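The chain below stands alone and is given as C-alpha cells, in the form predicted alone.
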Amino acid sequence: MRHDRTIAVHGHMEEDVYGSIIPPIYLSAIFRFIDEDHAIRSDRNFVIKYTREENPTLRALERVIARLEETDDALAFASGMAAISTSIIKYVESESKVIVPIEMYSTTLQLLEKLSSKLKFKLVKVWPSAKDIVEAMDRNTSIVFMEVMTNPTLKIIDLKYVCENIPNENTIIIVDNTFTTPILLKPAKLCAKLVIHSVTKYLAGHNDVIGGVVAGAYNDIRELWDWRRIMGTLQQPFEAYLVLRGIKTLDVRFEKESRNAQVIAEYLNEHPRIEEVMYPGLSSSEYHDIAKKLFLRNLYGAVVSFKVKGDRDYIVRFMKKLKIIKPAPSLGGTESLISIASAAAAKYIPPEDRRRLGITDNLLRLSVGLEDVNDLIEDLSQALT
C-alpha cells in the first residue's frame, strides 16, 4: 500500500478469526491472563490483559496512523491534550530548555506554562517562524514543540528549514500535525521525533468523538506506551473504532473541505465587509510560497481565518444570523463551524501576544465543512449584509 487513500481504508491490515472486514470493537476491560508465558500478546509483543494498557481495537487504529505518518508505530490517547501532556511529561526534565512559538493552540501553551513552573524547566516562547525558532535554539535546547500551521492565524512555519538547522542532534522536535494532517505533511519524514494529532478534528472528522494520537519510532513509542499505561491516558475502544471509521474518508473529506475553503477565502478576500483574510492558499498571503513548497499536495487546509469590519456587537449579530455555519469551538468535521478566536483557540494566549499576532476581537476562525460551497457563501453573504 503506497497511497494515503488505500492506507486509510485498509491500513489496519489484520482481520479477526471470523474474517471480519471491519475490525471488531473489543469492549472488554480485561483479557484472559495466567502469567507472562501464557498471555495473549499484541502485534508489538505487549501482553494484552487490561485495556488501560493495550486493546486490539486501538491497535487497528494505531497501525493506520503509523502508516499514514510513515512512522514505526503510534499510540491512541483519550484526547489531543492527553497525547500532548503525556509526551511532554515523558521527555521534559528539570533544567530542560523548551522552545515554543507564541502562537499555537492556547491550551497547549497553558499546559507548558504550568508544567514549567512545577517541573522547573525553561520555557522560551518565540515568534512563530522557522527563522526565530532556529535562532532561539542552542546546544542546550531539549525540546521544540510546534505547529506547522499556527492556530488561529494560519502562519506557516517552514519545518524543513528548522530540521536543516538544528544545532544539537539530541534536540527533540515534536510537531502537532492536526491542521495539516498527513495528507499535507509527514513531519517524521523530515526530523520530527513525535507527531501528534487531535483526532477529534480531521482524522475522525465527524464532530462526534474526542481523541488524540502520537506517532513515532518504535523505541520512542515503546517508552511512551509505559507513560500512557501509568497515567491512564489511553483512548477507549469505542472511540477508537469511531476514529478508525472516520479515517477511511480522511483523504476525500480533507481534499473537498480544502477546496471549499479556497473558494470561500477568495470570496471573503473581495468582500467589502471583510478587513483581512488569513489563508495560505491565497497568492497574496505571505505564507503562500512556503506552504506551496512544504505541502505534499496543492491544498492549503480547510480553515479560513478572517477579520470582519465591526465591533463586538456586530460580530455577535453576524454569528447569530448564520443559518448553515454553526458557532462552535472545533474544526475538521463535516459541518462548517465558526468561532471568535480570542474567546476560543487563542483564549489562553496572553493579551500582549495576541495583539502582536493580530488576534483581535473581530478575528473569526471558520472551519469549512462538506456542504455545497455556494450554500456556504450565500450563508456568509446574508449574515454579513
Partner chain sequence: MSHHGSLTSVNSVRVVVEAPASIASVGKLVHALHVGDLSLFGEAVSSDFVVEPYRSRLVEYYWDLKKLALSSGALGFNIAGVGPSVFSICDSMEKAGNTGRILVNYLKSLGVEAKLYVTRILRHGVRVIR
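Positions refer to the first chain, counted from 1. Since we're looking at a predicted model, the values are computed, not measured.
Unshown form predicted in complex with its partner chain; subsequent notes refer to it.
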item	value
Contact assignment for its partner chain in the predicted bound form, among Asn260, Ser85, Asn151, Ser305, heavy atom within 4.5 Å	Asn260
Residue (of Arg273, Arg245, Lys90, Lys256) lying close to its partner chain in the predicted bound form, criterion heavy atoms within 4.5 Å	Lys256
is_contact(Asn374, its partner chain) in the predicted bound form, heavy atom dist at most 4.5 Å	yes
Distance check, Glu113 to its partner chain in the predicted bound form, heavy atom within 4.5 Å	no
Glu266: touches its partner chain in the predicted bound form, heavy atom cutoff 4.5 angstroms	yes
